[in-house]
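Just the one chain here, the form predicted on its own, laid out as structure tokens.
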């Protein structure tokens, strides 16, 4: 049995593919910015925050890091309506991305904070800074500079993991590939093209994050 690959007919579905790419980019943009922001807050709590808040953050991190992303997504999309909070497919997908990346990025950032020399904390105290001011002005930037490559890799991993949001009908790139396959029964072409697009997006995202890191941390780029 032979199979003849044909890709020309995919041009008919370019609106669905473009829409899927844009939604995937939206997911990673919102998830990346808010997820890392959440991770920074949680890292501050775990390293220097109030004692009463540390168990709450620790529970959140362990819960997210030890459960599948798909289950987290289903809980948000199918579970929250039971509590009276109904979210659209895209909002639920964005929220799941933020919650997931927040937990993973917290541990990466915390590792960077733990590697900060004690002298920097003492320098902040000698300048009469509060613990939060010391964290913000003295500890955070060097810590982010130190772990930026690992944090960038985690963002790329979460972007690739976003493909499961198609399970709740969020119209990302995987949803577009499933849509095309279900109507044409040309699975090879549909998924080969979507795989190639994910590959390009992952490479571009890694490059963009490297440029952003060089802009935020110029001393690192100059080395």
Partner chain sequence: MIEFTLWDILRNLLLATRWTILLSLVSFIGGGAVGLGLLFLRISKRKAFRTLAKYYIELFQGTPLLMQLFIAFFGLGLFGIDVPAWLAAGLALTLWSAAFLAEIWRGCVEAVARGQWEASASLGMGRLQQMRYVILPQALRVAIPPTVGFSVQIVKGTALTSIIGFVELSKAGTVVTNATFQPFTVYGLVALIYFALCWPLSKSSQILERKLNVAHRNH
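Positions refer to the first chain, counted from 1. Computed from a prediction, not measured in an experiment: that's the story for all the values here.
In what follows, reference is made to the form predicted together with the partner chain, a form of this protein that is not presented.
Original post:
Based on heavy atom distances of at most 4.5 Å to the partner chain in the predicted bound form, which listed stretch, 89-97, 143-151, 76-84, 124-132, is the contact stretch?
Top reply: Stretch 76-84 is the one.
>> Considering non-hydrogen atoms and a 4.5 Å limit, which listed residue (36, 177, 170, 28) is close to the partner chain in the predicted bound form?
In response: The residue from 36, 177, 170, 28 that makes the contact is 177.
Residue among 57, 47, 40, 164 with a heavy atom within 4.5 Å of the partner chain in the predicted bound form = Result of the distance check: 164.
Worksheet item: Do residue 184 and the partner chain come within 4.5 Å of each other in the predicted bound form, heavy atoms counted?
Response: Residue 184: no, not in contact with the partner chain in the predicted bound form.
- request: Please run the contact check for residue 211 against the partner chain in the predicted bound form: heavy atoms, 4.5 angstroms, yes or no?
  value: Close contact is absent here: in the predicted bound form, residue 211 is far from the partner chain, nothing within 4.5 Å, heavy atoms only.
Q) Wondering, does residue 115 line up within 4.5 Å of the partner chain in the predicted bound form on heavy atoms? A) Residue 115 lies outside the contact set for the partner chain.
I'd like to know whether residue 53 contacts the partner chain in the predicted bound form, with contact meaning heavy atoms within 4.5 angstroms. No, residue 53 stays farther than 4.5 Å from the partner chain in the predicted bound form.
For the stretch 59-87, which residues lie within 4.5 Å of the partner chain in the predicted bound form by non-hydrogen atom distance? Going through 59-87 in order - heavy atoms within 4.5 Å of the partner chain in the predicted bound form - the hits are 62, 63, 65, 66, 67, 68, 70, 71, 74, 75, 78, 79, 80, 82, 83.
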